[in-house]
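We begin with a single chain expressed as structure tokens, specifically the form predicted on its own.
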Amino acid sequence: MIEIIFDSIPSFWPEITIALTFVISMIVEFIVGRKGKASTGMTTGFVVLLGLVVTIFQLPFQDLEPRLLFGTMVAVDPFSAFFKYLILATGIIIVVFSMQSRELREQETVGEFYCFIAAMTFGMLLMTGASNLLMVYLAIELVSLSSYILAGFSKKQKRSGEAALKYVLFGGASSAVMLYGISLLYGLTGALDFSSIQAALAGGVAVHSVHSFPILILASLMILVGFGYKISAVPFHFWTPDVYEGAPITVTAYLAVASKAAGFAVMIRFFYVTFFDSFVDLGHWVSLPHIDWVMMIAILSVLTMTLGNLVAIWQDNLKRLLAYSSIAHAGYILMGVVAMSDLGLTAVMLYFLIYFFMNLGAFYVVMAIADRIGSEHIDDYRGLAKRAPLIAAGLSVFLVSLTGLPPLAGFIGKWMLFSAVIEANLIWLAIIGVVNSAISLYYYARVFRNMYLREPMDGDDSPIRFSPLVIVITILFIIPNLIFGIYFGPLVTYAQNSIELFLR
């Protein structure tokens, strides 16, 4: 056992580095106290950046041999490495955002904020490679407990405390349901690691039994509840709007991008490894038990994208609107999972790369505007194009990209997802996806109308000044949305390479 642990450590350095970040951040916070708020943030950002560098060296983009660590607890392969790069890059950017946030600067203590960002990042890294149900549960709980605290970090705002309480209640319920599903599946198969469960199911355990098969379905659905909660899929989305609105904007951005990516990573690995055959027939995955996973997840996808888009129409708070938009995007991404093919997985991973740029950009601009005008209400964006033309243009680029219109990068992401479901003969699902994209244009257009076609409510059209750093960061997020809408070949190639050696 000790030998297995020592053999696994060299491939586990990214996670070890981030775990050390949590400890170092606490030590720095203890030393510098309340007067050194920036020091803890800079330390956390630097060590997370170090973690990204370590990840690149330990888990290179090319020639990464898949392996299991600590027995069967954690898988290291190009698939998990892809999501680790994404999560660590998001973590660095969130630290940079947080150091600029007026909302966080007004808090008496901020050092703890960065400590829990590090803890949440560590949990998400574990989720990307978890190949054992025990590790899945522990990783999800670590992320959840950290995010509960972060969601309620704005102590001076009542909505922040309300968001944290709702988050805890829904999170506790989903965790309990998922844990019970895990216990049922363990009772049926006698295994916790994905490969052993798959082998038991392939051998006919619980599949052909009249009494065991209903329990297998129930266990699978209960585990799906836990994953659905993490990715904000309908009907497990109830926490999302209130938490996104009440949490600090930087936390909302982290939940919308990194946490969602980690949730999809662990969900895909679990279902594809556990419930599908160990070989792929011409790029299409073959289901093992007699459960219609395609239709089940397709319905989940349709409900998620449709409810997210329809309810977003009625939102007046931009953070809340982006929350429902995030729910809708989870529905779009589920289309790639529904396809049950290599093309579908490629589309999911490509979409997350693009989603990284357009969603973080949108949240950053909303944060910058809120810091200046003190509001997130859509009506307060009236006349913004006159008062801050570059910022308004940046927000327009991000929202159009989220809509999926050419020639921006969001169009390529949705085009790949629609192509995957069409190839899987799910044309009806692609049509529903296109209709939902058209609906999303309507509520994004409300923001455009206020910024470009309406005068400020108070008649004040004086310029809103933003720091050079805000302008530079906004431009840095605009550029990828423009470039990858035209030149997207390298992203597609990288996504394809990340699933070729997917550890099944």
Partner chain sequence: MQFPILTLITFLPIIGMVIVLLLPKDKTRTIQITSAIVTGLQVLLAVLIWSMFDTTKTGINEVASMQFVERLPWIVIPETPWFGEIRIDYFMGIDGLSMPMVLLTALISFLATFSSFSIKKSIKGYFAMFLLLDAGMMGVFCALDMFLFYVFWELMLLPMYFLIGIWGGPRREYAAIKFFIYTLAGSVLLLLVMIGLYLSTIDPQTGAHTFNMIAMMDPANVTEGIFATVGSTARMLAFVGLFIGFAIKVPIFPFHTWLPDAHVEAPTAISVILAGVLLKMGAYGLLRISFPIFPEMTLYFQIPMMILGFVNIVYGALCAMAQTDFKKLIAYSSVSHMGYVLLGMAALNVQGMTGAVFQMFNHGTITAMLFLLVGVLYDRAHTRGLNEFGGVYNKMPVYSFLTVIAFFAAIGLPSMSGFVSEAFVFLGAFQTSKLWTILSTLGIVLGAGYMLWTFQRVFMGTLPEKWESVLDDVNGRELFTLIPLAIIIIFLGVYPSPALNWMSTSLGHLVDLVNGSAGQAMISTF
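Keep in mind that what you see is a predicted model, and the values were worked out from it rather than measured. Numbering follows the first chain given and starts at 1.
Separately, the form predicted in complex with the partner chain exists; it is not shown, and the next lines address it.
Heavy atoms within 4.5 Å of the partner chain in the predicted complex: which stretch in 140-148, 168-176, 410-418, 189-197 meets that? Single hit among the candidates: 410-418.
Looking at the partner-bound form in the predicted complex, is T474 within 4.5 Å of the partner chain by any heavy atom? No, T474 stays farther than 4.5 Å from the partner chain in the predicted complex.
In the predicted complex, does W13 have a heavy atom within 4.5 Å of the partner chain? So W13 does not count as contacting the partner chain.
Does any part of F466 reach within 4.5 Å of the partner chain in the predicted complex? Heavy atoms only, please. Close contact is absent here: in the predicted complex, F466 is far from the partner chain, nothing within 4.5 Å, heavy atoms only.
Could you confirm whether R454 comes within 4.5 Å of the partner chain in the predicted complex, counting heavy atoms only? Contact with the partner chain, yes.
Please pick, from S325, T128, T346, T240, the one residue with any non-hydrogen atom lying within 4.5 angstroms of the partner chain in the predicted complex. Filtering the options by heavy-atom distance leaves T346.
Contacting member of A370, C115, L405, L307, with respect to the partner chain in the predicted complex [4.5 Å, heavy atom]: Partner contact (heavy atom, 4.5 Å) among the options: L405.
Every residue in I431, S437 and L441 with a non-hydrogen atom within 4.5 Å of the partner chain in the predicted complex? Yes: each residue has a heavy atom within 4.5 Å of the partner.
Heavy atom contacts to the partner chain in the predicted complex at 4.5 Å, residues of 422-436 in sequence order: The stretch 422-436, when checked against the partner chain in the predicted complex, contributes I422, E423, N425, I427, A430, I431, V434 at the 4.5 Å heavy-atom cut-off.
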